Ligand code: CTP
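As structure tokens, one chain now follows by itself in the form predicted alone.
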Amino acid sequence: MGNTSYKKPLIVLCVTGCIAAYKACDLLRGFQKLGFDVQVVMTEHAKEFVSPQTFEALSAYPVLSEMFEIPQNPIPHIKLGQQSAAVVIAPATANIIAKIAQGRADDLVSSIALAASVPVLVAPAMNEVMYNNPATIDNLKTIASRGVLLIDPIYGHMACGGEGKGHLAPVEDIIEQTLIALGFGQKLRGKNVLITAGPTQEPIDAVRYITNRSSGKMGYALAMAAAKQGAHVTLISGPVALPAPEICDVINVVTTQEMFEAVKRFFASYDMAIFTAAVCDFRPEVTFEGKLKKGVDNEKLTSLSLIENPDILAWAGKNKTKDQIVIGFAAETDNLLENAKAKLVSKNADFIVGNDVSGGKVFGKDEACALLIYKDKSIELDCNNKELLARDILDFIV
């Protein structure tokens, strides 16, 4: 911690002294691809297997090992154990499991585990004889009874040359169990989800365009939430100032027509389509080459002729099959419920997520409230940051 500033939800990855420590590198990258920052904490014995520099290069954060190595933060075990999203100990040796069971706190890893108020997940890895030792079995039962989540090892080849149960669980399983512990299930595993996000831009001339206030944050949050639920996600994004989520396929477009063409190209093969993009309903009839000059081209600038853009949501509602789910968004400044209900019917959508954008709300903000409309019902979703709101929307729809 100290001067370290995390920009995303944080996973504390504790690595202990085991030959499987090298697999923590893949675990780190897997969490990063899901949108987490990762702070690696290593025991002294872990450094015998993987150098701290490797984890620092991958995580972009200094590896922590000692209780008092950061003068600006003399109690890192408290902050890391309480302000992170989860603590994952992988690989976990018999020694660290015994420490946790006994409530010992004689190094940074055991102290973090003891101080944690967030989910703690332990993925054991050790020789089969050590794993099946009655002391280890009792320790595992003890920590499980206290709420520690165990990710069982698997049968596999041992460093000693034999085979048996004690091989670290697959990285994918550790990640999945962590997501479940954080409330992200795998309800969309095997499903294809198409999402549009952000604004579109309609050029007037070489430097001017028509657009709107959408930041794309809600669409990007939904893309990440769907991916964390196991879906294959294709995100069709207008121009935004957001990093592309590595776990999704991203298609960048600019105009509404370009977004429409991309949707038409992919729509038929997707199980769910979520249209969060705030597309421009109209575009200039003529796009001028070069820059129109004030004082010279005033007539062209003050008498722009606009024509209607394609209605992407209406097209999807008209062309969906009985097995496809179409979700639209309605940004309204008044009569939210009535307008959202009308949009549900006119666009033939399955759900409409209504946002009250009056007074500068929602657009560009990190938080939002939502009204979910379906059939003849409506439900208010609690105001929350958009990452959690995205999860709530998907949980309800699924």
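Throughout, we count residues from 1 along the sequence that is shown. Note that the structure is a prediction, hence the values are computed from the model and not measured.
The protein also exists as the form predicted together with this ligand; that form is not presented, and the subsequent description refers to it.
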Only one of 308-316, 145-153, 81-89, 283-291 gets a heavy atom within 4.5 Å of this ligand in the predicted bound form; which is it? 308-316
Flag this candidate site as yes only if 276, 328 and 343 all have a heavy atom within 4.5 Å of this ligand in the predicted bound form; otherwise mark no. yes
Given that the partner is absent here, does residue 45 sit within 4.5 Å of this ligand in the predicted bound form, heavy atoms only? no
Looking in the predicted bound form, any heavy atom of residue 350 within 4.5 Å of this ligand? no
Taking this ligand as it sits in the predicted bound form, is residue 356 near enough to touch it, meaning that at least one heavy atom pair lies within 4.5 angstroms? no
Tell me, yes or no, whether residue 332 is in contact with this ligand in the predicted bound form, where a contact means a heavy atom of each within 4.5 Å. yes
